[in-house]
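Before any questions on binding or motion, here is one chain by itself as structure tokens, the form predicted alone.
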Amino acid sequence: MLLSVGCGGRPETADDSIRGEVKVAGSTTVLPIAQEAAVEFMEANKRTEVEVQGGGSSAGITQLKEEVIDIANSSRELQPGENDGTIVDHKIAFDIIAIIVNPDLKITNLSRKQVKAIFTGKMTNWKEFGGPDREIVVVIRDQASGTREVFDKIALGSTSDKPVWCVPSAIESASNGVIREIVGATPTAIGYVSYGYVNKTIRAVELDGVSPTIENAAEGRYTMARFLHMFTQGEAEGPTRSYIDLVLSDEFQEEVVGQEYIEVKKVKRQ
């Protein structure tokens, strides 16, 4: 019996010929998608095993180049020097980076200029924004994070030639989930996470008066957004190809990816 996932639906029956191990690592933003796909894939294909880990986009790309893993999850594009022409890009979703604060902080909107001033340490007290007379606690991703790279580029205007550094006192975290926990537990904190991690423990603020919603990002009004990727060394084959096909299937995109991200086929710019 055949496993058919490449033409628009998740598999209902398994193909006994699909067998083997798929190792996946990298972006914590892509992690929930990869984990759900792994569960469904192994349920449909009893002779396969999918191992999924986080570690950050840069770590995943390094492991892929070293042939330690089969798929590198990434929340950023490849950097110059990372691809010798053999890495293949599979765009699997479109994501939003949301700036978040503690729900008790009565700040609902920040301009791009204010965001840059906060994260670079030029403005350090919430009273400068109409908030309490309290020091701002900045929480950021670690340097291996693709989310941090995109945030630094879009929000801070950082480039490889002219890097813009966050305030030295910023708290660094290796995952979206930990940033959410820190901001949710710290009344004066501000940070940023992937849209899929926003819940009631924190609050996403508007950027230049625009909310970080799927609709606004899809239509280009909210610009702090990016594609999510699964990279492979060469064309994916065997169970690796079938696993990626599942992630890209219409049903998985709609029922899983589309709940917290934007389905890749709905984004016109590729």
Partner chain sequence: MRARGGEAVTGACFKGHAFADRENRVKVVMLACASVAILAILLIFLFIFRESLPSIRELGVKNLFFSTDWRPNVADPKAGHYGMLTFIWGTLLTTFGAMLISTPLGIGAAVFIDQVAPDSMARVVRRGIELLAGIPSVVIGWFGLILLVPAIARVTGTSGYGVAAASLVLVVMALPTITTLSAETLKSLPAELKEASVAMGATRWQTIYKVLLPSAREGLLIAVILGMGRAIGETMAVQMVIGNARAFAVSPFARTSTLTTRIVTDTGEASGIFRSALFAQALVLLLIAMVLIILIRVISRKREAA
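Everything quoted here is computed from the prediction, not taken from an experiment. Positions refer to the first chain, counted from 1.
The same protein also has a form predicted in complex with its partner chain, omitted here; what follows describes it.
- Proximity to its partner chain in the model of the complex, defined as a heavy atom within 4.5 Å, singles out one entry of Glu172, Glu77, Glu128, Asp104, which is Glu172.
- Between the options Gln233, Ser58, Thr240, Thr48, the residue in contact with its partner chain in the model of the complex by a heavy atom within 4.5 angstroms is Ser58.
- Candidate site formed by Glu219, Phe227 and Asp250: none of these residues places a non-hydrogen atom within 4.5 angstroms of its partner chain in the model of the complex.
- When contacts are judged by a 4.5 Å heavy atom cut-off, Gly81 does not count as touching its partner chain in the model of the complex.
- Contact annotation for Thr186: at least one heavy atom lies within 4.5 Å of its partner chain in the model of the complex.
- At the 4.5 Å threshold, heavy atoms of Ser111 stay clear of its partner chain in the model of the complex, well away from it.
- With a 4.5 Å cutoff on heavy atoms, Asp142 counts as touching its partner chain in the model of the complex.
- Only one segment in the set 67-75, 150-158, 88-96, 129-137 has any non-hydrogen atom within 4.5 angstroms of its partner chain in the model of the complex, and it is 129-137.
- In sequence order, Trp165, Cys166, Val167, Pro168, Ser169, Ala170, Ile171, Glu172, Ile182 are the residues of 164-182 having a heavy atom within 4.5 Å of its partner chain in the model of the complex; the partner itself is omitted from this view.
- Annotation: Ser160/Thr28 CA-CA distance shorter in the model of the complex than in the displayed model, change of at least 3 Å.
- By 3 Å or more, the C-alpha separation between Asp161 and Thr28 shrinks in the model of the complex relative to the form shown here.
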